[in-house]
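In the form predicted on its own, a lone chain appears below as structure tokens.
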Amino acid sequence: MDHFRTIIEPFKIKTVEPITVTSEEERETHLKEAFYNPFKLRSEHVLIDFLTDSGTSAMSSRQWAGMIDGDEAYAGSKSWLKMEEEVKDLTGYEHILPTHQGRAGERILYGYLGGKGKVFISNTHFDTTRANIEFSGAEAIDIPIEESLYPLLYHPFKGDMDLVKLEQLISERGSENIGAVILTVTNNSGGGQPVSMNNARRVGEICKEHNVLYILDCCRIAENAYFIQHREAGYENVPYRKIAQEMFSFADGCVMSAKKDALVNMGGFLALRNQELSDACTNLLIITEGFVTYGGLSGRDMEAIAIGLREVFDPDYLKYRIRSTEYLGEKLFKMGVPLIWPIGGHAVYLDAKSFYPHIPVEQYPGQALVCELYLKGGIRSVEIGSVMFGKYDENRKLIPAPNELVRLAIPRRVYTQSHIEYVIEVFEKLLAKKESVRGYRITEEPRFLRHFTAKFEMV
């Protein structure tokens, strides 16, 4: 593969699912009925689904075989023992709590640690992380490095946390008021950008010095390990799994949505070093998720997770995964589509504010772009800008997000090269008529996570 231009998928297709081709007129109707929110579209009306890479992976034949062998015992399931052993080996943490997905682990851990007066610090909190923290009454603060604010600036580890600001915040707020420092790898909301091993190590040293809990949001840690091996000195010959294990060694625990780098459709876990913290979280787990040996998961789910956590570190898979994502981003970049550079691990992040400079942030250029992608090509994507992260001041005036982005999140092992070529063609159409596109206004929204259910109308 090293000497060929074509990126081939390192697998054969064994089962297929039909997708429906719709006309632009049909898509206009579907989008209007969905109140111009792609989350409200029916999947059968979507041709290429880049809404999320979470839970949308294609599982391997080994995973499906494992699911048939799933042990559905309520307590002490052998499938749980397999998953527990795999997670312990990967993370090095003693206490493993299974959850039905990542946000359940977030709710348990940050709900327990949070509350009014508490502060959580991250390179960038993702939407559900921030929502679970703020729902508890605590404050979530993002401190990515300054380079992350400039979309086209190249930096090998744009997902890093600002260490100077971390020290300052702990000093200003008091270590006793810090619920946790959360390092998200890769940094999803920051463009799917990787975090360096050096940054992860230094965050750990600072947290240890100030007696602050340090948690990894590790749902894309295999993809992050790929970037470390290929970009950070000293890791050129270190296997991806060992790179991940080293990163875990610096932290006190982790939350994982297994729906990403465990290559499954449902599942997650919370893993911790501390017995006392684990006991408190275990009580909440039993009350809200399930018994400690299934935590909201079926035995077949746990079998698939255990196998997926091995398969994801396969060198051929990771090379294909990162290079195929880069291929789409590089093609769009050469066409003149503004985006975050370098290309992230799981998605291409488009700079909607630069793509539609005539649309003010109050009219959500990112939402305009996701609607146009669907209208012109049946592609579903997601806005990661002021719809997702914008807030209001006391006069209900919008406080915009730092960037107005649109994420093309690529499901793992699902689409082939021809699907990607089609996506590139759709962007040719968008570029040709971008000056005529109008913005949107929100007509209805909830208090938390409004991007999931908000309704829009065209301005």
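What you see is a predicted model, and the numbers here were worked out from it, not measured in a lab. Sequential numbering from 1, following the sequence displayed.
In what follows, reference is made to the form predicted in complex with a small molecule, a form of this protein that is not presented.
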item	value
Contact flag, Glu303 vs the small molecule in the model of the complex, heavy atom cut 4.5 Å	no
4.5 angstroms heavy atom contact with the small molecule in the model of the complex for Phe126	yes
Non-hydrogen atom contact Thr52 with the small molecule in the model of the complex at 4.5 angstroms	yes
Contact flag, Cys219 vs the small molecule in the model of the complex, heavy atom cut 4.5 Å	yes
Among 102-110, 318-326, 295-303, 277-285, the region lying within 4.5 Å of the small molecule in the model of the complex by heavy atom distance	102-110
Sole residue of Ser122, Ser257, Ser79, Ser386 within 4.5 Å of the small molecule in the model of the complex, by heavy atom	Ser257
Position in contact with the small molecule when the complex is considered in the model of the complex, options Thr184, Asn199, Ser148, Ser381, heavy atoms within 4.5 Å	Thr184
